[in-house]
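Okay, here we've got a single chain as structure tokens, the form predicted alone, with questions on binding and movement later.
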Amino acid sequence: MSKCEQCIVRQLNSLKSLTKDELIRVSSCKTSRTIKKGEVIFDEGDHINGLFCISDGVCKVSKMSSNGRDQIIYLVKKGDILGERSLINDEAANLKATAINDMEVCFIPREEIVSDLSKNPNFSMNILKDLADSLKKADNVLVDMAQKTVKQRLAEMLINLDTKFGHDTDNVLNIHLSREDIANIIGTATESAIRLLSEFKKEKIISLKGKNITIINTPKLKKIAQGF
């Protein structure tokens, strides 16, 4: 892993606001680790005690519902950070983070970075913006679950995946999710997600090949997402 002050990834998140001296100090105390696909980074109730910076890979952040289903709140990719709440309130994690594919992450202990919140206003503001963005995502999930059909939520999810992760030269989405993960994002049974994906394929809105999803008709997908 590169030193924090030389790392390109930090330019994508709140760490870009730290001064060179702060970055050098953080770099000296961080630990780096490889997380395998399916491995839990932290679970609900864990005390994170620090900040995770994602150097490579993707993870899902979820909440266990009362009926035992994992509701995926959002996906985290290279350049994102996890654990901002632990910097503010030092409470146990309210969510669970699980690797969707092999990941490289850096962990910065809370005590090594919390002082920067009071000394560096730009860093504090960016952390607050990250927290506000997380709250916005949670709000959107709540509203979508209450007001949109499962079909609308699937269409919107596919659009959001294309926006967040992009696609290759063959228009295949650059993120490969299991059918169960797709179901847990849109809040439905896996069987229902599979049925709707097949319906979209039949209508030539998308094409499917294993976990590869290609969006063929974006305008149609957007209309479905909007309820038309």
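The numbering used is simple: start at 1 and walk along the sequence shown. Because the structure is predicted, anything quoted here is derived from the model rather than measured.
The protein also exists as the form predicted in complex with another copy of the chain; that form is not presented, and the subsequent description refers to it.
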### Query
Is residue 85 one of the residues lying within 4.5 Å of another copy of the chain in the model of the complex, judged by heavy atom distances?
yes
### Message
Just checking whether residue 63 would be counted as a contact of another copy of the chain in the model of the complex - the rule being heavy atoms within 4.5 angstroms.
### Response
yes
### Task
Examine residue 95 and determine whether its closest non-hydrogen atom to another copy of the chain in the model of the complex is within 4.5 angstroms.
yes
### Query
Is there any non-hydrogen atom of residue 187 lying within 4.5 Å of another copy of the chain in the model of the complex?
yes
### Message
Give me the residue from 176, 167, 69, 179 that has a heavy atom within 4.5 Å of another copy of the chain in the model of the complex.
### Response
69
#### Entry: Heavy atom within 4.5 Å of another copy of the chain in the model of the complex - qualifying residues of 115-145
117, 118, 121, 124, 125, 127, 128, 129, 131, 132, 134, 135, 136, 138, 139, 140, 141, 142, 143, 145
